[in-house]
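Shown here is one chain on its own, the form predicted alone, set out as structure tokens.
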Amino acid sequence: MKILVCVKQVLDADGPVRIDASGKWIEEAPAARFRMNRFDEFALEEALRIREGFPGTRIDALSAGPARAAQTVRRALEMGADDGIHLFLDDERYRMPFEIASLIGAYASDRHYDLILAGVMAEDDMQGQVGPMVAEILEYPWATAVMSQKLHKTGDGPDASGTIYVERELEGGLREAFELTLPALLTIQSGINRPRYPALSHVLRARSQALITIPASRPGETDPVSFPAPRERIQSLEEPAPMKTGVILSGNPSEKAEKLRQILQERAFL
């Protein structure tokens, strides 16, 4: 059985973030730190648990990004993935979900994955679109915001068959249940499991293991994966408006009470 886990490198939210000169994306501070998207950690952990129930399962971890994204692929190897794939992008420009989904779909199209897992969304743009788009490109059945799964599989290789029962999260604490025919794609909701801490043996292996690096080509070129024609672009980014500051009332208690009464009356609270 083969599982592909899609992981994304995101900017650590604890670091400084500011909009760049173009007004269309963020500018990275010199000391900016990057890490694996936390939602993808749950997807990888779920793949590891499936492997424990189905010995012999192979797990590939894939990330599309610039050179620094290789760190996130190695992090996936440290957590227990068998192989790491880096779809190398030659600049830091933000890619829209359809572009990334097309690259992943092109890579996975002839590799016969039984299951593709991804986090429910990315922490930076929170769009949650890449997973469903990959499923549509590959014509896989799919479910989002999965809170539990149970896999039933027979055989191996391209002719293998099986189903996966999933429950996905709805509003108000409700759940929706599906049974999907393999191959399938799931986006995993946080809280489905507790991602494990990397074992020392996996950390040591990840330091020396070679990654599979595939350059993403421009449209019309003949590399294994190519960008599609863009369908959407970011027009502008704006920082949130600063919050209004409080008002300090001056005077003696009677004067303060009168000023407060006037403010409440002006705002229709009285």
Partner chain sequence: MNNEIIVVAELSDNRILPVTYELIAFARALAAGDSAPVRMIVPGRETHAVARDLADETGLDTIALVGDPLAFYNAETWMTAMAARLAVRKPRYICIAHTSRGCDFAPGLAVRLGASCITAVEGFSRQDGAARFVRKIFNGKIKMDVTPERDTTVLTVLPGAFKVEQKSPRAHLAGSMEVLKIPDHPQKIRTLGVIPAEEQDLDLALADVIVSAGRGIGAEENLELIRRLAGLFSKSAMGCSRTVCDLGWLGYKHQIGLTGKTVAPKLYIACGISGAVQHIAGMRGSKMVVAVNKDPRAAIFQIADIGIVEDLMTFIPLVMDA
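The term rigid core refers to the maximal set of C-alpha atoms that superpose within 1.5 Å between the two forms. Just so it is clear, the model here is predicted, and its values are computed rather than measured. Numbering follows the first chain given and starts at 1.
We do not show the form predicted together with the partner chain, though everything after this point is about it.
Of the candidate stretches 81-89, 118-126, 104-112, 68-76, only 118-126 has residues whose heavy atoms lie within 4.5 Å of the partner chain in the model of the complex. Using a 4.5 Å cutoff between non-hydrogen atoms, residue 149 does not count as a contact of the partner chain in the model of the complex.
Although the partner is absent here, residue 230 lies within 4.5 Å of the partner chain in the model of the complex, judged by heavy atoms. In the model of the complex, the partner chain lies farther than 4.5 Å from every heavy atom of residue 93. With a 4.5 Å cutoff on heavy atoms, residue 211 does not count as touching the partner chain in the model of the complex; it lies far away. In the model of the complex, 253, 254, 256, 257, 258, 260, 261, 263, 264, 267 are the residues of 253-268 with at least one heavy atom within 4.5 Å of the partner chain, listed from first to last.
The Cα position of residue 258 differs by 2 Å or more between the shown form and the other one after fitting on the rigid core.
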